[in-house]
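Consider the single chain below, provided in structure tokens and representing the form predicted alone.
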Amino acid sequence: MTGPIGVFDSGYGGLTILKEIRDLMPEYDYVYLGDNARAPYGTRSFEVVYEFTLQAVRCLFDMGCPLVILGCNTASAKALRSIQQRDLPLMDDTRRVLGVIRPTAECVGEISRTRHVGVFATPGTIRSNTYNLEIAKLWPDIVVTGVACPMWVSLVENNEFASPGADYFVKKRIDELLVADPHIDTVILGCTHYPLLIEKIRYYMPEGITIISQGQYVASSLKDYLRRHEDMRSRIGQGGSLRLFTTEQPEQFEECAAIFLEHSVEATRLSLT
């Protein structure tokens, strides 16, 4: 029996990951689950993020997903390792849960020349220190400087990412990062919402600094993973279908999701509690 690839996020940002994955591998079936009613996760404790994320993973497993992607940096930082090591062996050790931080960390060593890398992320992801730890494992010579951007998710989810008011918050964090480390030549957008701010980020970012948006790297990493794991690939349906689920009112989700996916969608409401 085959099932879809599950993609989870606390809000809408994971839709940027879903879009890139589907663009690269349109043949597979997908299910997206957004816990929008309880978003954002960025300011919540490790324990709460872990509990909420585990509920979502169980829900996607119940839908038949053999593989779940946490398309959320906060969930990847605060919950992924515990779920992989503690919960998967008890639930079903033939299924897999993957995150978005490791694929992003893997690419920076090939990109940065100065070996100084910046990370923009939610307060929760920055406090977790996960990017510093993951990059250090792969590229111990790289210096990582993180800056929390508490307003950026709200700007995106309230459809203000293109407004003049967003400029102040974008420039403020860029200035903060470059004061902390003026040698940075590569910046990771460590939240899946942030690609919608990419035009403003590029405008205020000095020339010569590479901006890494996660979607394409996560998608490429997943494609390589499936190429190397034929047993998993054979368990994924190849009907090219997409189903969307949210914990909030479907109408609100559909309106916002259309911005991320660039086409109209239909969603179904469910509860994780």
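Quick note: we count residues from 1 along the sequence shown, nothing fancier. The structure presented is a predicted model; accordingly, all values stated were derived computationally and were not measured.
The next section is about a form of this same protein that is not shown, the form predicted together with a small molecule.
In the predicted bound form, the small molecule lies within 4.5 Å of some heavy atom of H193. The small molecule is not drawn, but in the predicted bound form it has a heavy atom within 4.5 Å of G42. In the predicted bound form, the small molecule lies within 4.5 Å of some heavy atom of V153.
Contact between T122 and the small molecule in the predicted bound form is found at the 4.5 Å heavy atom cutoff. With the small molecule left out of view, the stretch that reaches within 4.5 Å of it through heavy atoms in the predicted bound form is, among 72 to 80, 134 to 142, 170 to 178, 89 to 97, 72 to 80.
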